[in-house]
Structures are given as C-alpha cells and as structure tokens.
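The data below hold one chain only, encoded as structure tokens and taken in the form predicted on its own.
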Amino acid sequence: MVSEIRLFVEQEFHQKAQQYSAVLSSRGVKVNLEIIEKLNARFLRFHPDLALCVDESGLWLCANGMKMQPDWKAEVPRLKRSSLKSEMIARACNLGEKPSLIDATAGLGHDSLLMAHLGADVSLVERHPILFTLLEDTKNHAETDPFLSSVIARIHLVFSDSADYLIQQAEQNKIVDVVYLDPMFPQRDQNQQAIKKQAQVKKQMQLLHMLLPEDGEMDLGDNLLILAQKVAKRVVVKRPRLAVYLADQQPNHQWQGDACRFDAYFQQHLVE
C-alpha cells in the first residue's frame, strides 16, 4: 500500500493542500508537498508517476498525464434517469425495502451513490487512506449540491479494512439487510480463462488500478463473501457475466445482464 506520495499544488491553493496533507498524515501517508508554477495538462504529462494534486475542485489522483477524483456530482444525470424498476442492482439488493446496506468494496463510490439514491442506508467501507480521503472529499463537495444533499445523508464513510469491519459487526451481533461486494479484480471466467478488460479502461479506473495494484493484497472477494454471510440477510456480488463464483459458492439467485451479473446469497437463519 502507498505510504508516501507527492502532492503538487499552485501557490494559490497551498493552504488547502496543507489541510489535505495533515489529514493524510493522520492516516499513515507521508505527503511530500511541492509548490509548482502551473498545474496543467503539460505539467501532468511531464510528471507521469502516481501523485496527488490540489486545485479549486479539491483533491485529485494523477498519473500518466491524467487526473481523477470520484466526482459524484457528475453522476446526477444517471441518478435522475434511474428507478427501482430500471436498475438491476435495485432488484438484486431489494432497494425498494430501503435496506441497511454495507458496501464492502467501495471503489469510487458510484454504486453506493446509486443505491443510496434508490433508498438504501449505505455504510461505505474503504481501507486505503488515499482512496478514503478522495471519497471523503467528494462526499463533502456533494453535500452542497441541492439534488445530492438528501442522498449523501444516507451514505456513511467507514475508514476500515472490510474484513476487519465485517468481523467486528459479527462479534457485536449486528445484522444488516444487505452486504454488497464488487471485487475490483475478478480474475477468471468459468473456463479458467483470464477475463479481458475493455480495450480502453476509463481513466478513473486506470488510475485506481495504479493506486490499488493487482498483487493479491487488494484482490478481495472470496474471504469477504464468507464474512458477509455472517452479518447480512442477503449478500449481493457483482461479477462479469462469465466470471467464476466467489468462493466457488453457487448463488441462490442471479440477475443477468449483457456485461455483468448479480449473484445473491440468502441467509434464511438471519431473516426476521
């Protein structure tokens, strides 16, 4: 996991950058703050290594001439088009019942945002200090948006390792309606062939994969399914359409789409 990172900022936003630096430092990340003359596309091209930068829009992850942040405001058009009937994730997670839900594989938080919009009360769990800080920043910005403010009120960020968090929930005998899992690196299909990524991965995901390298450490999945089944009435796993089952467990029900599917595991003994 990244324990040290450079942060680029123009003089105008130096104070804001110092605030981010202090937060990251409190979470175990050493930040080397560098004041630069101009933060633009040319500068980013000439500084391709993974870094952070700060501007008027807040904190960004940058590398290879690109920068990204989990921009929840950009998701508003999608949220406005969505409905309980049109979204497969809504049926899989039974969002019509306004469930208590743990998203144990946070990513950029877009699925959590959609599920909160459709009625879920979401605990969004992330252990990586940089990604968590990016999510925290975008959540703070989204709270000022008139459309998103009521949605954001149903999202609670949890800075924790997901496995540790689920174990803690089980030890405290806390039961939730749904645990949602979307492992970042599903590795093999049902024929044991490596799953091909899209030819051009979105830049957000390119940078996220650089931050969270596929080295096994961040490839959560099988162990989380087992832990989630101890605390959730329903565990929902988002998978590429041909991916193998997590922990080799056949689900109780599936919702199939063109590119992905949702596997659901029901724990009848936890249902009230």
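As the structure is a computational prediction, the values presented were derived from the model and not from experiment. A residue's number is simply how far along the shown sequence it sits, counting from 1.
The protein also exists as the form predicted in complex with a small molecule; that form is not presented, and the subsequent description refers to it.
For M68, no non-hydrogen atom is located within 4.5 Å of the small molecule in the predicted complex, even though that partner is not displayed.
Although the partner is absent from this view, R127 contacts the small molecule in the predicted complex, with a non-hydrogen atom inside 4.5 angstroms. Among residues of the shown chain, V179 is not one whose heavy atoms approach the small molecule to within 4.5 Å in the predicted complex. Not displayed here, the small molecule is kept clear of A92 by more than 4.5 Å at the level of heavy atoms in the predicted complex. The stretch in contact with the small molecule in the predicted complex, judged by heavy atoms within 4.5 Å, is 155-163, chosen from 141-149, 171-179, 155-163, 92-100. Scanning A243, L208, L39, A51 against the small molecule in the predicted complex with a 4.5 Å heavy atom cut-off leaves one residue, L208.
The contact residue chosen from E136, D121, E87, D111 relative to the small molecule in the predicted complex is D111, the criterion being a non-hydrogen atom within 4.5 angstroms.
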